[in-house]
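Okay, so here's just one chain, in structure tokens, the form predicted alone.
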């Protein structure tokens, strides 16, 4: 589960009512909302919040490394608050739903040395694709 609010408080991030609402909307397990979805949910909690405020707050959270911006298959960018917990993503090829998955093993060890072309590999982003139960 996302501990985004706690992480932001520990950083001393100025917690305005608008920022708090955006962080609360992003809280939870398997949360991968678009900016428009974040805005719609934020408006339900704080009707006066502006779309620009949501976009700016999401940009700040990404810049801080507290939220990961995901882009899959040219769809709208999505925001993942699970930035500090190692995981990969499982994406439905039809509806685009994204789930966090935690495969066993280290994806960095899968790439053989001869396929690294002299690179010092420090990170691997793996995305699994398929059909979710609703689309299958």
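Everything numeric in this text was worked out from a predicted model, so none of it was measured. Numbering follows the first chain given and starts at 1.
Here the subject shifts to the form predicted together with the DNA, a form of this protein not shown in this document.
- The candidate stretches are 43 to 51, 23 to 31, 96 to 104, 80 to 88, and the one lying within 4.5 Å of the DNA in the predicted complex by heavy atoms is 43 to 51.
- Residue contact check for residue 72: none of its heavy atoms lie within 4.5 Å of the DNA in the predicted complex.
- Using a 4.5 angstroms threshold between heavy atoms, residue 35 counts as touching the DNA in the predicted complex.
- Although the partner is absent here, residue 126 sits far enough away that none of its heavy atoms falls within 4.5 Å of the DNA in the predicted complex.
- Although the partner is absent here, residue 116 is not a contact residue: none of its heavy atoms lies within 4.5 angstroms of the DNA in the predicted complex.
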